[in-house]
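One chain is shown next in structure tokens, namely the form predicted alone.
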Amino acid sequence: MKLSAEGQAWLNATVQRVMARHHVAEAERAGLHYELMSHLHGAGEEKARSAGRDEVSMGDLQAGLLDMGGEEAMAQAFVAPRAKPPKRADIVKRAIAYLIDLVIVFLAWMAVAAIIDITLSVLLLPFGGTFGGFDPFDVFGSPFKGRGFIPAGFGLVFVVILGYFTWTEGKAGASLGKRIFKLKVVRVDGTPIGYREALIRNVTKVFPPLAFLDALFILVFFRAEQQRASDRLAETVVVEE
């Protein structure tokens, strides 16, 4: 039976919320997603058919879900039996993934710094300005050299580092380095994190001494939990998919 556009959007969002209530292995997620979609769609079809309609509306789907006891009951019936406690990621894999991310961030910094350097030079040409001479190894000051804007270089480093980790982990739960090793950041209950958790757990990475102390917490205090201090604050863990 045909599903209305509004109903389709609601169905997709609802199934995502139901699946997020428990941690399910990546290999099983596609099949479980299809099963939930089919079951909830079928419940909506019954409501539409009993009302004499040939299109399933969002209201039909909501009524079908209500008959099943709501999202929590649906999660308990379909998702919970397949849920498995996530395996905490090995600290060595995390460290190597972080080094890969640092290389990516450095390359991103060079690209952004070069663009700013060239742009500023072009804008200053009418006023006697010259090309600043981008030096990729002058990480903090190159694009602002000779212009009194060196503090802005530190600000750009802050934005690039924190922006990269917050965006990649907040959007998909994993930075590019973590994806290589099939690692993912989740909440302690196994559900996906958001941008808030990603921001909290990554803010120390902007300051190398704090990043070192943060990582040291794993070895000294939270080795069993495999959590950095910022992970404890954000209530997150890094797991293997």
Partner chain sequence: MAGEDLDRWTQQMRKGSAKLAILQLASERERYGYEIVAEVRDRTKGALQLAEGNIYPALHGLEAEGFIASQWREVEPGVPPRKYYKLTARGRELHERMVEEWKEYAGAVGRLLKGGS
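Residue numbers count along the first chain shown, from 1. For the two forms, the rigid core is made up of the largest set of C-alpha atoms that agree within 1.5 Å on superposition. Bear in mind the structure is a predicted one, so any value in this text is a computation, not a measurement.
One more form of this protein, predicted in complex with its partner chain, exists but is not displayed; see below.
Looking at its partner chain in the predicted bound form, is some heavy atom of each of 8, 41 and 82 within 4.5 Å of it?
Yes, the whole trio is in contact, each within 4.5 Å by some heavy atom.
To verify the annotation, which of these, 106, 98, 78, 164, has a non-hydrogen atom within 4.5 Å of its partner chain in the predicted bound form?
If I apply the 4.5 Å criterion carefully, the residue I get is 78.
Looking at 216, 68, 188, 51, which has any heavy atom no more than 4.5 Å from its partner chain in the predicted bound form?
Selected option: 68.
Counting any heavy atom within 4.5 Å as contact, can you tell me which stretch out of 27-35, 170-178, 204-212, 188-196 lines its partner chain in the predicted bound form?
Result for this chain: 27-35.
Given that the partner is absent here, does residue 3 sit within 4.5 Å of its partner chain in the predicted bound form, heavy atoms only?
Yes, contact at 4.5 Å.
Please state whether residue 57 has a C-alpha shift of 2 Å or more between this form and the one not shown, with the rigid core used for the fit.
Yes, the C-alpha moves 2 Å or more.
Please say whether, between this form and the one not shown, the C-alpha of residue 194 moves by 2 Å or more once the core is aligned.
No, the C-alpha moves less than 2 Å.
Just checking, between this form and the one not shown and with the core aligned, does residue 25 shift 2 Å or more at the CA?
No, shifts by less than 2 Å.
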